[in-house]
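Coming up is one lone chain in structure tokens, specifically the form predicted alone.
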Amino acid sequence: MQTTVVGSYPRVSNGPEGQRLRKAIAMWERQEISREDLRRVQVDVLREVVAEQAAVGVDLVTDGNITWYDPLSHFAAKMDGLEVGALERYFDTNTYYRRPQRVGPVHWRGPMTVEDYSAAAAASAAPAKPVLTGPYTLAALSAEGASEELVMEFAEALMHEVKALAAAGAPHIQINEPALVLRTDLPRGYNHIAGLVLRGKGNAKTTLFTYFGGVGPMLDDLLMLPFDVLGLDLVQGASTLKALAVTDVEKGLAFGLVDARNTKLEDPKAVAKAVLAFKDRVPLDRSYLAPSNGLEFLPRARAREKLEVLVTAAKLVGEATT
């Protein structure tokens, strides 16, 4: 069994050097440094967090979303047909995002994540996985809401981004759809929407990850989508475990069993035991252990310790199944 992360990673750490990105952002906002100067600091921190994940032993790392302002405006600001609006609270967290507003047809303008993926891949001994916010979440958290037309326009734009990432050599691409947990069923036509997003993926493996809640009522439909791996928050979405217990799963799962919003450390043996309960229902050799969501809500040192729990638990699962 392998390990991965969901996307975000803490941008700052203890000590003056660990605060350099925060200071650079403040200086850029005061127009004391250029966008290029800020970018150099961002990429330096990106490389640092990627190397940190790989050094702990994570099998599939991400760029930590280091350059993202938030999961919505990072994409909306780089697409045609959208304006970035006022701050809104991001789910039930203490973080915020800038709400997109459609002002015309939404179109892909050019690569939005390829440079960050390439920097991450070059800095990591482990494979790197680019992460995109999914079309339903982009639409659902916009000013307009998840109209079928807007979801489809986002899907078409993301299709081009997935194709660009595949062309850049990404071995695995993840689509994050946290807004799905606000529903009890899949949006109409989402199977087609997912297929459109993934049309240009080439040989890349793909993951759909939901978090901030459970998806038990729609689990069967999620498993039918054309992704290689389904990522599940099994902390805030612990109710999903009941649906999993009576479901035979043919694709890989990303078990989000380590709480990414609580500093308390889990017992690796308990995490491994929770996974092993599904050894006869889930192909664990194609599955991952993961945090329940992005690790940005934790102090940097604790996030690293959470990854150590993941790696140890995955080894225990491997020992128990060989």
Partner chain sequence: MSNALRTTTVGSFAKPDYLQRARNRHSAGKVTAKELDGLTRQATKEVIEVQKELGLDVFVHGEMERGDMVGYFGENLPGMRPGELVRSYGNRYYHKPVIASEVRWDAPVTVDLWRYAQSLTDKPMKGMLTGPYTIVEWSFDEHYGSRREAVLAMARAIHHEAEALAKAGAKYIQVDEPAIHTRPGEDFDLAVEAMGVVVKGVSAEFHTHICYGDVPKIYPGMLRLPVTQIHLAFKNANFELLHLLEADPWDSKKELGLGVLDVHDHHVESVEEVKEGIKHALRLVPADRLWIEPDCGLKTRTPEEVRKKLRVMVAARDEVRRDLAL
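Numbering follows the first chain given and starts at 1. Not measured: the values here are computed from a predicted model.
This protein has a second form, the form predicted together with the partner chain, left out of what is shown; the following refers to that one.
- The candidate spot formed by T184, Y190 and L223 is out of contact with the partner chain in the model of the complex: none of the three has a heavy atom within 4.5 Å.
- With the partner omitted here, the stretch from 201 to 209, 90 to 98, 237 to 245, 159 to 167 that lies within 4.5 Å of the partner chain by heavy atoms in the model of the complex is 90 to 98.
- Contact annotation for V12: at least one heavy atom lies within 4.5 Å of the partner chain in the model of the complex.
- In the model of the complex, the partner chain sits within 4.5 Å of a heavy atom of A26.
- Put simply, V103 is far from the partner chain in the model of the complex: not one heavy atom of it is within 4.5 Å.
- When the partner chain is considered in the model of the complex, E296 lines it closely, a heavy atom lying within 4.5 Å.
- Heavy atoms closer than or equal to 4.5 Å to the partner chain in the model of the complex belong, across 253 to 268, to the residues R261, N262, T263, K264, ordered by sequence position.
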